[in-house]
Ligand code: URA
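Given as structure tokens, the chain that follows is alone and in the form predicted alone.
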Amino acid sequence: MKTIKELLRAKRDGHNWTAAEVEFFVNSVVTGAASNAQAAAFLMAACTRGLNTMEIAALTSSMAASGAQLGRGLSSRKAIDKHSTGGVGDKISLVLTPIAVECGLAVPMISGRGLGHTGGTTDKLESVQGFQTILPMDQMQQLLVEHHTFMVGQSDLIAPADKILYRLRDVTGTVENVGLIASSILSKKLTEGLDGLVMDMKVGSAAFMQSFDDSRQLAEEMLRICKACSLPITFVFTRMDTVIGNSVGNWVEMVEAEQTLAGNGWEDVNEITKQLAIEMVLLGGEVANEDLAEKKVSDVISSGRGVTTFHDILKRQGGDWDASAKKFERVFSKDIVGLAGAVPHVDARELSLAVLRAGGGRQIETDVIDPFAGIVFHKKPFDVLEHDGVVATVYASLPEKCLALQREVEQLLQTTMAPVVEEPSRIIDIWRWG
């Protein structure tokens, strides 16, 4: 077997690795035989030289096998998960999981942290005081058996190789690569003992895959891997040009998720959530056709039962919602005033980066997140203001961060953007396999 240095030199020069070499490298990352610098070098070489299908499949399976795995059939229900390729204001998993559980599914959700300019479900959950996103395997299994769901982050036990590489991708500019994205997502999902997976494939200016062709390429790569693993998968392609819903930030997105489950969500969040829930119900075999799936999901949403399940999930994993809400009342805030006329389209990627700089995300691995840094919009893009008025409020735990965020958002609102057509739907296309 070649040394790590020899493998990296070969990849740098455009040579493909064998499956055995990929497995050797992944194991070396986990044991520390490959340093972080060498792991980062691999990531950069993968982005510049690319990975072929065999390398991606080997990377996926090796990372999945690098840690512990949940068994199939722990819950009496079909285990169906959902994953997003990353969006701005993407709190869909927080809304979707309680609805899917109320529809009769098991949802073993292992989520990621913020990556690049996008927020992470794990960081959002950790904005709830006391909520435990890292659980021992036996507790995860117990939650799945007794309550059919958990929402956790990636621990050192679950695909540990991916956890190391994921963290390095976030800070080395190696996020937007089809092979790395596909292997990272599926290596975690293959540890969950799933009966099916629904992928929310974000497409647009604020997505990692900015064109439908790029997103389709990623879906095709993931489909090849899922076919090899006999994992049924559905792809829902959704627009990611403007902020999803009315908030960007960890705690403010948790609040919006609760409001959505209570029937007060913005239309785009409702639309995406409902379609993804329908696809999960279909994959789980709960009903015979799409019309019946739509009725089942609609009945759960209208009943409001998802709010109770949402809070039950938080409580079971140690979360104290009321304590977090009281803390949020004391953080600093600034209103953003808009001029009379149409509310402009604002670059969602830049908004997310502004929240990150205010403390809502990480710029280096050791950064500590401010859970309360964020933006809440009171008006949607293209809404008309008859008079000058407040269009958004920004928040942060430090006054200087709050002021800086206010200035950045005001500047973005004043920046002339290229005309953007308001699309009638966030849903672009749906692919079903299995």
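Since the model is a prediction, treat every value here as computed from it, not as a measurement. Quick note: we count residues from 1 along the sequence shown, nothing fancier.
The following text describes the form predicted together with uracil, which does not appear among the structures shown.
The shortest heavy atom separation between His83 and uracil in the predicted bound form is within 4.5 Å. In the predicted bound form, no heavy atom of Val255 sits within 4.5 Å of uracil.
At a distance threshold of 4.5 angstroms between non-hydrogen atoms, Phe237 is out of contact with uracil in the predicted bound form. Taking the partner from the other structure, uracil in the predicted bound form has no heavy atom within 4.5 Å of any heavy atom of Phe150.
The candidate spot formed by Tyr395, Lys401 and Val409 lies out of contact with uracil in the predicted bound form, as no residue has a heavy atom within 4.5 Å of it. Just one of Leu144, Val128, Leu180, Ile164 comes within 4.5 Å of uracil in the predicted bound form, counting any heavy atom, and that one is Leu180. Proximity to uracil in the predicted bound form, defined as a heavy atom within 4.5 Å, holds among Thr260, Ser215, Ser93, Ser184 only for Ser184. Considering uracil in the predicted bound form, the lone stretch of 287-295, 133-141, 324-332, 164-172 in range is 164-172 [heavy atom distance within 4.5 Å].
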